[in-house]
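Coming up is one lone chain in structure tokens, specifically the form predicted on its own.
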Amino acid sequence: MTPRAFSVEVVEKLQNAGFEAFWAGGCVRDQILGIEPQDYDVATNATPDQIRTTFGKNRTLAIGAAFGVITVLGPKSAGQVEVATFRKDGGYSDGRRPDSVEFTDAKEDALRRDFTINGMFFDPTTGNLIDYVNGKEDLGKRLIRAIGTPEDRIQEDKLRMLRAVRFAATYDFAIEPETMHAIQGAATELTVVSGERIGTEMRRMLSHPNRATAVSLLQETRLIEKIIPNAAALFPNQATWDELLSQLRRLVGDFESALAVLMEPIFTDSTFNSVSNGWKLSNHEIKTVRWIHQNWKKLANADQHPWSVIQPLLIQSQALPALALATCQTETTGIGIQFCRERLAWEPEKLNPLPLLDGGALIKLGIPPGPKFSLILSDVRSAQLDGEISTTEQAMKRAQQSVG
């Protein structure tokens, strides 16, 4: 069973039990846009207890029950569907979650959502669209518009400012003027949002091909100054800013390479530490971005270095994102980058041949482990890679000469 088929089954089962039930939010938006939804959410007038009774406690999780959300578990191939009771939210004292919820009807539920394009319902059993917020009209106009008063929606959850940017960039929409004005006015309040939530939104934006549009909108909304320290240095003049955006457009890479491109003009240990701490980056992400920063120029000029310098870099997992950054720096691919890509196409045994000597061989030669041990092995390995030696005998002779 596919996720789509399972979500239809969930709707049908609720309706057969006497409740209203519709697809809600992003899956409705994406279906109208002709995009296959990644997941399906269902909204209903059934209470959490009634939802669990309908599907059985063994097939449901009540983790979000306090907010009217029950997770219904499907077959392994279908995943799971979040089923939420129509609700009206109380105040948002923490700027994230409602202090209280009141179960209500579909219209009230639509009016408490963030943007009109996310506020529609769809009945997959009849094909009817239920649209209390003119979301379909705004999809046609290619607009991101807050539902109701923009300032109110932002005060409820400050992360909505970043979400507006992400949706606008992802779908190549404009942010409606009143919504844009409200975001600009509240941009300084983004600091109350947790680093994990900011990091999640930034990963989505920078991983998307429209990342340059997202970064441009972050600057226009003034949010960039709250998520990147010293961000003003990214756009000291229009030409510098335009070039950075051009690099992001040319980039063919993942989140880490995109972040490395964005950070490169202002990269310092303290600035990157602030970003990595603020976005709660993983150790892998931190290591990768630092490695890219330290080595991309060497790879870009690989033809000017001995193979023994470049080969240890190319066999690292970070080599490809580093080359992605190097490639987007100019509109033409340099000789060094081409050199690296040709070498990466080699068979693994050729790209990274087995060393001619190891520590055990040095000990057999009577060379005791010590400070010189790794230096000797490194010297022999470099000579091997650079073609100065090619046999074990030559390697042993080289090692003995290194000892003196």
Ligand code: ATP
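The model shown is predicted, which means the values in this text are computed figures rather than measured ones. A residue's number is simply how far along the shown sequence it sits, counting from 1.
The discussion below concerns the form predicted in complex with the ligand, not included here.
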* So which stretch, 56-64, 33-41, 336-344, 358-366, is the one near the ligand in the predicted bound form (non-hydrogen atoms, 4.5 Å)? -> 33-41
* Asked: So which of 160, 211, 145, 226 reaches within 4.5 angstroms of the ligand in the predicted bound form, heavy atom to heavy atom?
  -> 160
* Structure fact -> If we test each of 118, 80, 246, 216 for a heavy atom within 4.5 Å of the ligand in the predicted bound form, the one that passes is 118
* To do: May I ask you to check whether residue 166 falls inside a 4.5 Å heavy atom distance of the ligand in the predicted bound form?
  => yes
* Asked: Hey, in the predicted bound form, is residue 26 touching the ligand, heavy atoms inside 4.5 Å?
  -> yes
* Would residue 112 sit within 4.5 Å of the ligand in the predicted bound form, counting heavy atoms only? -> yes
* Touches the ligand in the predicted bound form: residue 298 (any heavy atom, 4.5 Å) -> no
* From first to last in sequence, which residues of 299-331 have any non-hydrogen atom within 4.5 angstroms of the ligand in the predicted bound form? -> none
